[in-house]
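First, one chain by itself in structure tokens, the form predicted on its own.
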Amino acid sequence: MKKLSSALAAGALALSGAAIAADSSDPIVIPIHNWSSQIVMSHAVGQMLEEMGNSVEFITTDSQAVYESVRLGDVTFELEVWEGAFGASFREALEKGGLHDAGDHDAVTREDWWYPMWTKEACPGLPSWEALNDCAELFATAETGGKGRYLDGPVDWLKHGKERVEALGMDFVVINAGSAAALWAEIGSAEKDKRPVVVFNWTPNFAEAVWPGEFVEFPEWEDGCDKDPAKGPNPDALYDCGNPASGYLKKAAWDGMKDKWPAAYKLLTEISFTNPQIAEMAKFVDTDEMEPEEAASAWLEANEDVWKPWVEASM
């Protein structure tokens, strides 16, 4: 891992002399997933923890199964619990016990079907989902026949696009992207000739600054829409609602973390990133093509006024 500058390191270590003795020497295990903000954020926090004297280990983990890993103590914490994508897995793990809610980020999230603004010029009834469905043929490709093509997130993100299409009777075929990069490639390709396109997207990320666009407005989210068919407009189906329009972004921690690494745990509870900060982290990788470790170091060096108070509060 690339270290911070010696001056920053010395400052952090000076703040954390007590923490080095208090925390276990065992490595804190941080999961890595398959989208840029989570990867960079994890490395940034990992570098903060190392400067406090902790040992850190990164492991690649499925973004849904990670909550079971945290619950069992195989992974120490999760930094990005998105309500729309991972709320169900998080709640299920909470009910079993072994992990807990370690606080919210300041960021407000949204994850749903999205289109760049040139698409609205071709389908002016947007952002209504009914208007999108009426324009389905604009999104048709050879692989979808006469139906529209919607590019959903990777399969392991469990976005339930197919279930929503079925529940709302939409004339769309759902194709899963292989990665977040494939979503950006789809938008970039469509931009060349202003081809109408609808893809899975989320905020915060760098894309909103590069491609102005809007989320499709589906029937408003109701608690239980993913578990109770009575919720939402179709009484016989689940997932007939949009995702939460103002979702949380939480942190989850193994119950044993606060006793084994008390200073590190305090840092985790202090950390609270905003939408612009998270978008900047993603931009370093997705636009500026930096390696995640390099991006984390760059963000830390440019934002000492943000993270140093978190470290100080942890002492």
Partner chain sequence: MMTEQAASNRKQVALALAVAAVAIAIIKLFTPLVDLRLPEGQGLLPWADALDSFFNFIKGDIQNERFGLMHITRWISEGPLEFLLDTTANLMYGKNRWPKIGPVPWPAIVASVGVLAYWLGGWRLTFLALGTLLWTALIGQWDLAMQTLSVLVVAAPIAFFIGLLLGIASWKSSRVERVLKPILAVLQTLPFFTYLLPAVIFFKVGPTAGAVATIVYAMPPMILMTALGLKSVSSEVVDAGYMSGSSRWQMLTRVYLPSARTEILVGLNQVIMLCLAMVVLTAFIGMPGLGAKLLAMMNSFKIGRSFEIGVTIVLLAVMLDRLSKAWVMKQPEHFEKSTPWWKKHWALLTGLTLFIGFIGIAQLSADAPHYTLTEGKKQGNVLQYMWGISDEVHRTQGLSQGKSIDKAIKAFLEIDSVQATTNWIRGFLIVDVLIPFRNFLLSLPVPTIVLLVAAAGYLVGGLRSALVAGGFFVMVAVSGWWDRSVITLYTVVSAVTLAMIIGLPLAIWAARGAAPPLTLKSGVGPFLSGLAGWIFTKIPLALLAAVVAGSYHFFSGQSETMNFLAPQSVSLYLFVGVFLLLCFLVRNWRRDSVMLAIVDTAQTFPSFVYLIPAIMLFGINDVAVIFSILIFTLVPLLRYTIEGLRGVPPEMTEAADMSGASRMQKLFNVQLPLALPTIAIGFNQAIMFAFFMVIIAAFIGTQDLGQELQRTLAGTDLGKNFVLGICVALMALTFDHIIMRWADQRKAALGLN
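Positions refer to the first chain, counted from 1. Every value quoted in this text rests on a predicted model; they were computed, and no experiment measured them.
Note that the form predicted together with the partner chain isn't included here; everything after this is about it.
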Q) Should residue 155 be classed as touching the partner chain in the predicted complex when contacts are defined as heavy atoms within 4.5 Å? A) yes
Q: Although the partner chain is absent from this view, report whether residue 98 comes within 4.5 Å of it in the predicted complex, heavy atoms only.
A: yes
**Q.** 4.5 Å heavy atom contact, residue 71 and the partner chain in the predicted complex
**A.** yes
Q: Answer with yes or no whether residue 214 is in contact with the partner chain in the predicted complex, where contact means some heavy atom within 4.5 Å.
A: no
Q | Position in contact with the partner chain when the complex is considered in the predicted complex, options 137, 220, 106, 92, heavy atoms within 4.5 Å | A | 92
Q) in the predicted complex, which of 221 to 229, 183 to 191, 110 to 118, 238 to 246 comes within 4.5 Å of the partner chain (heavy atoms)? A) 183 to 191
Q: Residue by residue through 45 to 64, tell me which have a non-hydrogen atom within 4.5 angstroms of the partner chain in the predicted complex.
A: 57, 59, 60, 61, 62, 64
Q. Out of closer and farther, which fits the Cα atoms of residue 156 and residue 88 in the predicted complex compared with this form, where the change is 3 Å or more?
A. closer
Q.
So the CA-CA distance for residue 285 and residue 159 moves by at least 3 angstroms in the predicted complex. Closer or farther than here?
A. farther
